[in-house]
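Coming up is one lone chain in structure tokens, specifically the form predicted alone.
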Amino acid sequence: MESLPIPRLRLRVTATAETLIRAGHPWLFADSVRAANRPGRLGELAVLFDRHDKFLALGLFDPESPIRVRVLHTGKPATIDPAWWQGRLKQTLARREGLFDAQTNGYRCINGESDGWPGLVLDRYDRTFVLKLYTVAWLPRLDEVVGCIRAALHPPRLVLRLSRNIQALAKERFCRDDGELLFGEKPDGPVTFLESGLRFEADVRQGQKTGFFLDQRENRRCVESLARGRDVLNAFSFSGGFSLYAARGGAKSVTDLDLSAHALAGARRNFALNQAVPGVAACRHDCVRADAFAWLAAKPARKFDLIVLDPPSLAKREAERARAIGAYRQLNADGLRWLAPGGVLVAASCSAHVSTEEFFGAVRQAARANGRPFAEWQTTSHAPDHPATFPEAQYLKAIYLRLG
């Protein structure tokens, strides 16, 4: 006897969730599901209905995540088939048209929820593309997604990266590993790419994020424009991105400060890659391996004319928000003590749980407590290839202060 087809998963949501989804929020949390016609399977399409049993949205279902559904489509009912996926990717890539010339071949192609691909990121590093997943709900349709990417972009190489919290499940259920090569030749080590004409390494198989912090590109360009004739300190320097831009911009010296010997070694290699650039070749490049918080808290041994403070996230969850705000205030207060008269402070935060207003407020408080007059030059947020269309996605912010 033939088995009956499984009915489409239908979920009714709370009034609050209905309002949020209609306003464009891409997540449905588990406690916002009022009723379901059956248990859902990982990665299947769920149809969401409002209180009046009318169509609300379609999304990817994850029975084990607090985010029960990641919304793909709202409005009128739609058929999610290969043509739909191809159309969605075409729209996403069209948003990047005209953003980059031949001097930049490292950038974000898909930015998760804000591009309509919840929990999925695609970055390009020249001929290497990196697909990063933040939810296992994509894994049942990974082949379909990869086929779509190949058809649209023809990448020579595609690497799979997995968020730390899904790696065990991805291995157990789908035999997928973080850093796995999906197709193309295996890279011998870090790959190189161009950003604004500078060459950088990206460790696409084991490095942080997808191998590099592409989201700070515009701030790096700003630092370059401010660096001429200055001694620059790049705290939490990672692989020296801000430093390399500052050197090309005419800095007298740049100092990379980071706890990781691996990161500092990457910074040295990035400087070596760019020795043909006159400013880079002429600039003194120093590396200091130390805990940046402790190093900055000590009595200043010298003064710098331009200081970049770009720490990792200080609030991984909402419960850490208040402590993080205080830590940002103290960090910037310490950094300002190392700043010479007329110097510039560039303070950045990637903590989504600390709002833009809270972070800028902490930096301004630190500047006022320093006692010297200061002028606020500018504030910045997300790069154009990293759009942020809902509150939880708005993590990146930076403020530029010039001290008297």
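Throughout, we count residues from 1 along the sequence that is shown. For clarity, every value in this text was computed on a predicted model and none was experimentally measured.
Another form exists, predicted together with a small molecule; not displayed. Remarks below refer to it.
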*Check each of Asn105, Gln86, Gln167, Gln208 and return the one that places a heavy atom within 4.5 angstroms of the small molecule in the model of the complex.*
Gln208
*Exactly one of Phe193, Phe304, Phe129, Phe238 has a non-hydrogen atom within 4.5 Å of the small molecule in the model of the complex; which residue is it?*
Phe238
*Using heavy atoms and a 4.5 Å cut-off, decide whether Phe213, Ala292 and Pro312 all contact the small molecule in the model of the complex.*
yes
_Would you classify Asp258 as touching the small molecule in the model of the complex, given a 4.5 Å non-hydrogen atom cut-off?_
yes
*Contact test in the model of the complex: Arg96 vs the small molecule, heavy atoms, 4.5 Å*: no
*Using a 4.5 Å heavy atom cut-off, state whether Ala263 contacts the small molecule in the model of the complex.*
yes
*Taking 4.5 angstroms as the cut-off for heavy atoms, does Arg220 touch the small molecule in the model of the complex?*
yes
*asked:* Within 4.5 angstroms, counting heavy atoms, which one of the listed stretches 180 to 188, 167 to 175, 292 to 300, 134 to 142 is next to the small molecule in the model of the complex?
replied: 292 to 300
